[in-house]
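Coming up is one lone chain in C-alpha cells, specifically the form predicted alone.
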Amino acid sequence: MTSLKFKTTVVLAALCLLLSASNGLAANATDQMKGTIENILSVLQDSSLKGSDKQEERRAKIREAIGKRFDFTEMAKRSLGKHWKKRSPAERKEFAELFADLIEGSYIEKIENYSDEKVIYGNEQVKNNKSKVKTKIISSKGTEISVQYKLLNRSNDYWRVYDIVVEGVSLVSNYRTQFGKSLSSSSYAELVDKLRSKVN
C-alpha cells in the first residue's frame, strides 16, 4: 500500500511538473504581453498622471512600456517590404525611428481614450520562435474588439511584437500597402518626408 501511494505521488508530481513546464512555455509570450498591457493600463489609471498638464509625463511612461515590447525595426522592415533591401544601414535606422514615432503616436493617442475596458486573453499559438497572442478588448457597453499580437523570440525567451492584427486587419500589411503605393508613384525621399511631417 505504501509503495502504491509512493508511486502514485511520484506520477502525480511528475505530471504536475510536465504540465507546469508546458504551460510555462506556452504562456511565456502571453505573460510578457500581459505584463506590458497591465503596465500601460496602470499608467492610464494613475490619478497622479491624469489631466492635460501631465500628458507629457504620462505619454513618456507609456512610450517606455511600448518600446520595451515592440520591435519597431522588425515592424519597419516588414512594412517597407522589398524596398527595405535597397536602403542603406543609415536609411534603415532613420526609417525605423520614424516608423516607431508614427506607431507610438497613433497607439498612445488611441489608448489614452481607455475607459475601463477589459482585456481577455485567449489561446496562444507558438511555432519555433514565433507566437500569436490573442486578446479581446471588451468595452463597458459590451462591444468586443479582437486584437492579436504577433511576437518574435530572438533570444533568452524575450518576446517582442512585430505586428498587431485588429479585427483581422494587420497593421504591418496595411502600412506595406500604403508605402508600396507611395513608392510606386514617388521617391523614397518623398516617403520619408511624409513620415517626418506626420510625426513632427
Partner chain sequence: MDVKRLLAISALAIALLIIGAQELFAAGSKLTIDEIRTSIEANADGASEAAADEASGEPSEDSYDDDFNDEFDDEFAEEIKSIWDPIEPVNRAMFVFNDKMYFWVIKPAARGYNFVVPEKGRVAVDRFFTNLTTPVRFVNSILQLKLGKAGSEVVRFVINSTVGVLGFMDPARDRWNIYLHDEDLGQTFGRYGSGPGFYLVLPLLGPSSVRDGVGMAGDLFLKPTTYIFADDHLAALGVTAYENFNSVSLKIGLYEGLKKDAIDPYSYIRDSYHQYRENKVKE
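Just so we're clear, the structure is a prediction, and the values are computed from it rather than from any experiment. Residue numbers count along the first chain shown, from 1.
There is also a form predicted together with its partner chain; it is not shown, and the following applies to it.
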Open item on the list: Can you tell me which of 31 to 39, 141 to 149, 45 to 53, 60 to 68 lies within 4.5 Å of its partner chain in the predicted complex, counting heavy atoms only?
Closed with: 141 to 149
Open item on the list: Checking a candidate spot here: are Arg87, Tyr188 and Arg196 all in contact with its partner chain in the predicted complex (at least one heavy atom each within 4.5 Å)?
Closed with: no
Open item on the list: Can you pick out, from Glu91, Glu97, Glu117, Glu74, the residue that has a heavy atom within 4.5 Å of its partner chain in the predicted complex?
Closed with: Glu74
Task: Heavy atom of Asp157 within 4.5 Å of its partner chain in the predicted complex - done: no
Open item on the list: Does any part of Glu112 reach within 4.5 Å of its partner chain in the predicted complex? Heavy atoms only, please.
Closed with: no
- [ ] Give a yes or no for Ser170: in the predicted complex, does one of its heavy atoms lie within 4.5 Å of a heavy atom belonging to its partner chain?
- [x] yes
Open item on the list: I'd like to know if Ser106 sits close to its partner chain in the predicted complex, meaning any non-hydrogen atom pair within 4.5 angstroms.
Closed with: yes
